[in-house]
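The chain that follows stands alone, in the form predicted on its own, written as structure tokens.
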């Protein structure tokens, strides 16, 4: 049999091998054409000459889920319900192959198996996956503002238990092969080279065999046994769902409707049966796909997808192949950069520090990160050594001759960076790239010390490097395209979402924080409490408030950055003079345990009530939550618009990604430009003008916002 999106083979023993191979995409996803043809494939499998089935992939990944673009044109819930019902019917027929017709159906999983891909695998009688680190299984739909809608909310909890099912679906995080085996999600883990052969063998063995009794969980710890006991009775399930809801609210702040609906669909299935659960699942998905939260989250998803293919340049210049990377600085930033370059990008790394103690700290940071990842992925000692042998360190310039790119992560001092540029160029080759991890200093200014300014670029990482997803690559008018393309490629290899911005003080992300943090300080000066300011912004959707963020960044660092920004942008970036009192009182934030909050043994506590004294402030007064949030988010949005207007940003898309992935802008709001589009530029301008009348030029609307208000044009289309 020949198909457009599948390979079909039937051997002499009656085992059919079906390999998914979507014709019009490099990755398998459930699009309309593939789903339609899958119905034909299932019809072939239902014929008598097929005794057993193996479903795998002809591509590098099994199945990445549904192509959510197919829902874009559906403007009513009824249309969505109709489409989902059709998918359910096909998956139910696959399930019936083994439950009714007695034909074993084995899913052979390698690489990504997410969303609808996992739901397809769940419809099979058993699952075998490869032991590759690239193999991951999950239901991440909540990250797109949706829930599983092809039976996932019903089949997954039944297979692995309610507690584990809730965790996977509501949390949205995938699991790797051995965790999947431990959960009972897969039945066997095997090397990828023999995956299909093993799957065919298991399918053949299962013909006419008695169904094995499934063990939901291998973990017999008291905690796990308690969860299993809870699932078996109505009162226990009530407790389980209550805890799941409370945890979800704590993690999401109640801003996301999808996790709530996921819990409800699972609960209905557990209490009222699968048919009721399926009906709820379909109905809830149809509601969610039309919500503003889903549209915003999907806008981020598609923007991120587009950035994966973006080289960062408009020409066809080719990136340089990078093998050897030097990292200058072994502290938190330098160690983090070295860690992701060693482990994720798999490059050879040499750390340079001023003394052997500093080198040791950098190497220890890498060792700790690699060891943690190795434990999570069940890597062998040989594999661990392979990564750790890639990184070395030195307190001298020995061993830097063959370096392809040097990434400096030293203190924000222009004279220091100038001296480092000169030192580096004295020992490396002529085609070596110099990248600065500066967060505020213009790359143009740093490049003035270079003999080869076209090879100087900014690579602004966020702390902690191994956790924060964004990399901001900064180019000057002299930066060569091949240098930009190389930095972007390396960033992607390090596992980063990369945006390219043009040079300017503070670039994009650091510049946004200037007016945002200043406005928080002005509110504090006017009588608002630390709690009122921070709680207002976390309620609006930021992960932490602006004053806690100041503690985390470092009050001293923030003060240094503020001077740089004010020097570049004038009084528009000037905050209250009172903030100097914090430094005089030796308050640096978390780093020295003295800031806006109390810290005990490194753990944050409540607001430090004594913080108001060095600021010269008296008793706190009640403030309007609406006033706090509007002043802060509008200051943020207006600065983003100015960055686009001035050409710092290449696009509104990059501005949204940078704000969400780098600064914690609420994902369900889609980024600052998406927020403007949702609110209407005319509404945003009117709010800014009202604030301008109260507080002056710092709220003067960007001209680009006024233009969009007049034309009605959207930033994101």
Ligand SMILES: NC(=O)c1ccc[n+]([C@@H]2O[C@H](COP(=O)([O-])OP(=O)(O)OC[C@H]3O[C@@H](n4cnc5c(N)ncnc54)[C@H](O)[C@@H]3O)[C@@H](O)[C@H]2O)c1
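Numbering follows the first chain given and starts at 1. Predicted, not measured: the structure shown is a model, and the values here were computed from it.
One more form of this protein exists, namely the form predicted in complex with the named molecule; it is left out here, but the text below deals with it.
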property: Distance check, residue 145 to the named molecule in the model of the complex, heavy atom within 4.5 Å; result: no
property: 4.5 angstroms heavy atom contact with the named molecule in the model of the complex for residue 461; result: yes
property: Interface membership of residue 443, the named molecule in the model of the complex, 4.5 Å heavy atom rule; result: no
property: The named molecule contact at residue 439 in the model of the complex, heavy atom, 4.5 Å; result: yes
property: Heavy atom contact within 4.5 Å of the named molecule in the model of the complex, the stretch among 375-383, 637-645, 327-335, 426-434; result: 327-335
property: Heavy atom distance at most 4.5 Å to the named molecule in the model of the complex, all of 361, 410 and 417; result: yes
property: In the model of the complex, the one of 317, 580, 354, 247 near the named molecule [non-hydrogen atom within 4.5 angstroms]; result: 354
